[in-house]
Ligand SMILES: NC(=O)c1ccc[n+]([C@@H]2O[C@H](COP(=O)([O-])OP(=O)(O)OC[C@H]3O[C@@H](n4cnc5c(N)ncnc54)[C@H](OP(=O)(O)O)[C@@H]3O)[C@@H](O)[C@H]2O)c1
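Quick setup: one chain, the form predicted alone, written in structure tokens, and binding and motion questions come after.
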Amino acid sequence: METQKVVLVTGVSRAEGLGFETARQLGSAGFKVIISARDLVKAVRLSTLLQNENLDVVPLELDILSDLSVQNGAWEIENRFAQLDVLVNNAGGFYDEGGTALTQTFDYTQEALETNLFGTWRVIKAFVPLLEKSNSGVIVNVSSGAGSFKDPDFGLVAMTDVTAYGISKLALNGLTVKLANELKTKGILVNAVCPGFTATYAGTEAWGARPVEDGAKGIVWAATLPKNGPTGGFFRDGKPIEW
């Protein structure tokens, strides 16, 4: 009998968010899902909502900006589940619409980098030992077309603002490539995924945002790749995006 796979989804603090919907879809696919947030109360409340849908979901307190919190989270998962099969780095933010390279502050930009790049990097370094215990480890970095040069609508060339966010996601995409090369020999796949412009906040549908269910599907696709699947890529809806 195949052992149930364990997945950690970070940054799950809102029922309207991508992380929550990703957790729901992975739970429906048969995973044991760990959802984490800085605020344990929020993680508990959201896990209860998914448990009420008969999904196998547990909460975890995890602040990706804290070495101690991340290490404690890794210890807890190791003690309870022995290993981790999939890590979905969903935690992020700082979409600075209107912020240009000359107008955005360094304080804001540093916060964006600390969260979108270094926070994710911290989590990966802590959880790789648990992913190595899986026979099919997978890392999914939730990125954005804002971090690509070629995205025709939201890319670095197409948009003159969204500077801090775009640069932080550009760096995350670079980290994805470096990690994919380093972890290839360990059998761990590492890919970046752009969920597209999704309606995670009320009113964004009027701006052309698509349902959050559609955005989450691409993340789930990358999280459930087979052992011989692609690594070091950048995808949206299961299709490659030009860097």
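Nothing here was measured: the structure is a model prediction, and the numbers come from that model. Position 1 is the first residue in the sequence shown; the rest follow in order.
One more form of this protein, predicted together with this ligand, exists but is not displayed; see below.
| Any chance all of 64, 95 and 195 sit within 4.5 Å of this ligand in the model of the complex, going by non-hydrogen atoms? | So, yes: the whole triplet contacts this ligand.
| said: Looking at heavy atoms inside 4.5 Å, which stretch does this ligand contact in the model of the complex, given the options 155-163, 139-147, 101-109, 75-83? | reply: That would be stretch 139-147.
| message | Counting any non-hydrogen atom inside 4.5 Å, which residue from 38, 217, 184, 45 sits next to this ligand in the model of the complex? | response | Selected residue: 38.
| Proximity to this ligand in the model of the complex, single hit among 91, 131, 117, 170 (heavy atom within 4.5 Å) | Exactly one residue meets the criterion: 91.
| said: I'd like to know whether residue 233 contacts this ligand in the model of the complex, with contact meaning heavy atoms within 4.5 angstroms. | reply: No.
| query | in the model of the complex, does residue 18 have a heavy atom within 4.5 Å of this ligand? | reply | Judged by the heavy-atom cut-off of 4.5 Å, residue 18 is in contact with this ligand in the model of the complex.
| Does this ligand come within 4.5 Å of any heavy atom of residue 200 in the model of the complex? | Contact check for residue 200: yes, within 4.5 Å of this ligand in the model of the complex.
| request: Please check if residue 25 has a heavy atom lying within 4.5 Å of any heavy atom of this ligand in the model of the complex. | output: No, residue 25 stays farther than 4.5 Å from this ligand in the model of the complex.
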